[in-house]
Ligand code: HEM
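Given next, in structure tokens, is a single chain: the form predicted on its own.
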Amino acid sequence: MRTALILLLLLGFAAIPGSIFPQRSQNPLKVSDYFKSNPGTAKFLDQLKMFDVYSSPWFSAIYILLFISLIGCVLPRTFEHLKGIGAKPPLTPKNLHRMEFHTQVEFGSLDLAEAWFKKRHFRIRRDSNSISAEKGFMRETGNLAFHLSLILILIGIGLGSLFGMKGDAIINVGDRFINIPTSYDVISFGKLQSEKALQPFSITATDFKATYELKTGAPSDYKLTVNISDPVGSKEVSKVVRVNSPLTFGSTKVYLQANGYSPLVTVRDKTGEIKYQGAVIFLPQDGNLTSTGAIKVPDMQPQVGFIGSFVPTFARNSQRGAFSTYPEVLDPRLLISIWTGDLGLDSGNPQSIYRLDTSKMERIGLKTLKLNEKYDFGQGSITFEGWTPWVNLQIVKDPGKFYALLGSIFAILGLLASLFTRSRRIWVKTNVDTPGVEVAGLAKNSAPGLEFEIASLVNEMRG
């Protein structure tokens, strides 16, 4: 047990770097930014697996050793406990006066004591001149159940990390998602999984409706209507997805996680030729869905980029500037900052589609656009033509989730049994030299209540 506690403490310390440094499995863009700003330090940290903490050899070694230690600690105790379930209580001690709450009863008998014990469901061992009674066996059962459940939880986590997958994809209403790696914004596979294990299906978002509280603006319901095809190419079926009602494709579940807006824009060059047209996903920055994003137009000469903010219900003050007062689109505005120069798309370095690298660009304009308003910025024009909702789908395959859930339930039940069960023993003994009987007990872990039980037994026999 000492070894298990030390390894558990080490596991806690080993997880600390995972919250300090960005992790590739969670945010690869932040890892890339860290390499750009601290190239020397990042290279050294990468050799230590600081950007892949939870899949590093040293973290896995602690995890596996803890797993082995728990098994080696709990299993022998479990076998001993199973042997003791049907065993009788231990023999009555010779010197009861050394035990707790020793009492001499002048009038009493073993028959009365045995009846009292049976009424209260004690385990009883009766000899010729004594009774040994025991209660609270569930305390050790709960303790072992708790530790065995921890092993089951570790097995569930291990199965998830080996055979699971997790990914996120943002799609606009009207767009189609096909379950292939290139459709994901972020995707990670278990150690023994690959993209070949992805189940073939498609999801087309046909409608999304968000309902908000009028006074607070807090969301009260999200409803996404989709057409699904399982497998891809089969007949489509209409389904409704809500926050707590995911889609299920075999062992894969699709959850509705978040939502926002994509402004519809058209960008033209000086000649009026369309260089970009469509919906651009903007990411929410607050509860009222004030959103920011970037529009990149590499086909214009020179290249043009826009840093934008979409405000569903427009308001402005001197302290905050432009912001949204309600998450539903009631009075929309598109605020844009226009930049010209090199977008950096040919550098070979990965870029976020939601951010614009302006290090090699020059700002040439600022504008707040109303719906259907056009702005001419010299090299061309941009028109704000509307918006469309988007939803974030989280696709998860976790074969160990059921075992982790089962282990958590049994761990809680075992812990409750261990905490609230009082383990104690009571002995009743007759002596040849003195009339009546002797009564004494022993409470494990100094559990309260033994004194009152012995007093109740004594009163029963005296009565």
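We number the residues from 1 along the sequence you see. Because the structure is a prediction, the values reported are computed rather than measured. Each form is matched to the other, and the largest set of C-alpha atoms that superpose within 1.5 Å is called the rigid core.
Keep in mind the form predicted in complex with protoporphyrin IX containing FE is missing from the figure; the text below concerns it.
Where, among 430-438, 24-32, 417-425, 50-58, do residues come within 4.5 Å of protoporphyrin IX containing FE in the predicted bound form by heavy atom distance? The contacting stretch is 417-425.
Which listed residue (102, 81, 275, 139) meets the criterion of a heavy atom within 4.5 Å of protoporphyrin IX containing FE in the predicted bound form? Of the listed residues, the single hit is 139.
Just to be sure I understand the contacts: of 150, 170, 133, 295, which is the one whose heavy atoms reach within 4.5 angstroms of protoporphyrin IX containing FE in the predicted bound form? Flagged contact: 150.
Distance check, residue 404 to protoporphyrin IX containing FE in the predicted bound form, heavy atom within 4.5 Å: Residue 404: no contact with protoporphyrin IX containing FE in the predicted bound form.
Does any heavy atom of residue 143 come within 4.5 Å of a heavy atom of protoporphyrin IX containing FE in the predicted bound form? Yes - in the predicted bound form, heavy atoms of residue 143 and protoporphyrin IX containing FE come within 4.5 Å of each other.
Is residue 458 close to protoporphyrin IX containing FE in the predicted bound form, meaning a heavy atom pair under 4.5 Å apart or at it? Residue 458: no, not in contact with protoporphyrin IX containing FE in the predicted bound form.
Closest heavy atom of residue 369 to protoporphyrin IX containing FE in the predicted bound form, within 4.5 Å or not? Taking the distances in the predicted bound form, the answer for residue 369 is no, it never comes within 4.5 Å of protoporphyrin IX containing FE.
What residues of 65-81, in sequence order, lie within 4.5 Å of protoporphyrin IX containing FE in the predicted bound form by heavy atom? Counting only heavy atoms within 4.5 Å of protoporphyrin IX containing FE in the predicted bound form, the contacting residues of 65-81 are 66, 69, 70, 73, 77.
Answer yes if the Cα of residue 66 shifts by 2 angstroms or more between this form and the one not shown on a rigid-core superposition, and no otherwise. It does shift by 2 Å or more.
Fitting the rigid core first, would the Cα of residue 267 be found 2 Å or more away between this form and the one not shown? Shift of 2 Å or more: no.
Does residue 137 show a Cα shift reaching 2 Å between this form and the one not shown after rigid-core superposition? It does, since the residue 137 C-alpha is displaced 2 Å or more between this form and the one not shown after the core fit.
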